[in-house]
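The chain that follows stands alone, in the form predicted alone, written as structure tokens.
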């Protein structure tokens, strides 16, 4: 990855009873990166985060932060901080009181200056004396971020922090969070099950399934060059035609037969504003979805169509 790594997991495993939650996970997080753990529920991403935080201890493997081993240390002796799903703000404290809380326990010098600086960073200056109940969902999230950032962690751990927000606010806060991370330069280890969120925000993504890391890479690399069928299908829509993977945008749908095209029948359409997905069933029974720009998608269910694609867009992947 070229940069210095701030966090490393080396063959880390964790079981709960007989259940393997994390199996032999190795990953390196570059300093200053926005690094996401992405996968479905139960894939081990939150357990991985809790292992880094110290809320769980690994059964095997090592966790390194800034060149020192972390596993075995209690949470308060690790220079990482967690922003939880529900933000866990103190309702009886003001914005300022919430942000100062952790610093007071560390008896840090220059508390007022540090709080003022972090209030500016999260754009909450002027709202110091409000209570959490007087803030919007997005503002409450920024207080939770500020409370963690003021402690100057080496890595900020974020466990599905946008899932409590409604969809419209999520997009807005997503952009704010990415911009804040760029501005502050703190390393983020971000857990999400939302593919769009991970693709939009991350420098690197580790895709997890059943406790294992399937692939690590930049968003474009993982989307366009998935290493396994699971990664291909989990990130975006994927058609499997004759055992070959093809993204909807790679398919061409025409009324006339083309060279090497396959015949199908339109079964439905999904309208998504600027684009339309047209679903069809091929003669061998396989279902496929082709992306068409709105306006060019005037196909109707029951109509015979022909599907073609460029060989260079085919993905041949192991099961």
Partner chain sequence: MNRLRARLLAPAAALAFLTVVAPLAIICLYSFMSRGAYGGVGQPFTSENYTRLLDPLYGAILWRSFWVAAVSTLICLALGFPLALFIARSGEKKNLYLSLVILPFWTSFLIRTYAWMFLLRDTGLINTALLSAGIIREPLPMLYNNGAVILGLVYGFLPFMVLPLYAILERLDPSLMEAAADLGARPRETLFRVILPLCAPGIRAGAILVFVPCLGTYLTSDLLGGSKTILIGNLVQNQFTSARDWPFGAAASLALMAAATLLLFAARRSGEELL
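As the structure is a prediction and not an experimental result, all values here were calculated from the model. Positions refer to the first chain, counted from 1. Take the two forms, superpose them, and find the largest set of C-alpha atoms that agree within 1.5 Å; that set is the rigid core.
Just so it is clear, the following notes concern the form predicted together with the partner chain, a form of the same protein that is not shown.
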### Query
Of the listed stretches (228 to 236, 211 to 219, 195 to 203, 70 to 78), which one has a non-hydrogen atom within 4.5 Å of the partner chain in the predicted bound form?
70 to 78
### Query
residue 181: heavy atom within 4.5 Å of the partner chain in the predicted bound form?
no
### Query
With a 4.5 Å heavy atom cut-off, would you call residue 82 a contact of the partner chain in the predicted bound form?
yes
### Any non-hydrogen atom of residue 175 within 4.5 angstroms of the partner chain in the predicted bound form
no
### Query
Heavy atoms within 4.5 Å of the partner chain in the predicted bound form: does residue 224 have any?
no
### Sole residue of 126, 243, 137, 102 within 4.5 Å of the partner chain in the predicted bound form, by heavy atom
102
### Message
Please tell me which of 252, 31, 50, 262 lies within 4.5 Å of the partner chain in the predicted bound form, judged by heavy atoms.
### Response
50
### Task
Within 4.5 Å of the partner chain in the predicted bound form, which residues of 242 to 268 have a heavy atom? Give them in sequence order, or say none.
none
### Flag for residue 153, CA shift 2 Å or larger between this form and the one not shown after aligning core
no
### Query
Is the C-alpha displacement of residue 219 equal to or greater than 2 Å between this form and the one not shown once the rigid core has been superposed?
no
#### Entry: Rigid core fit then residue 248 CA moved by 2 Å or more between this form and the one not shown
no
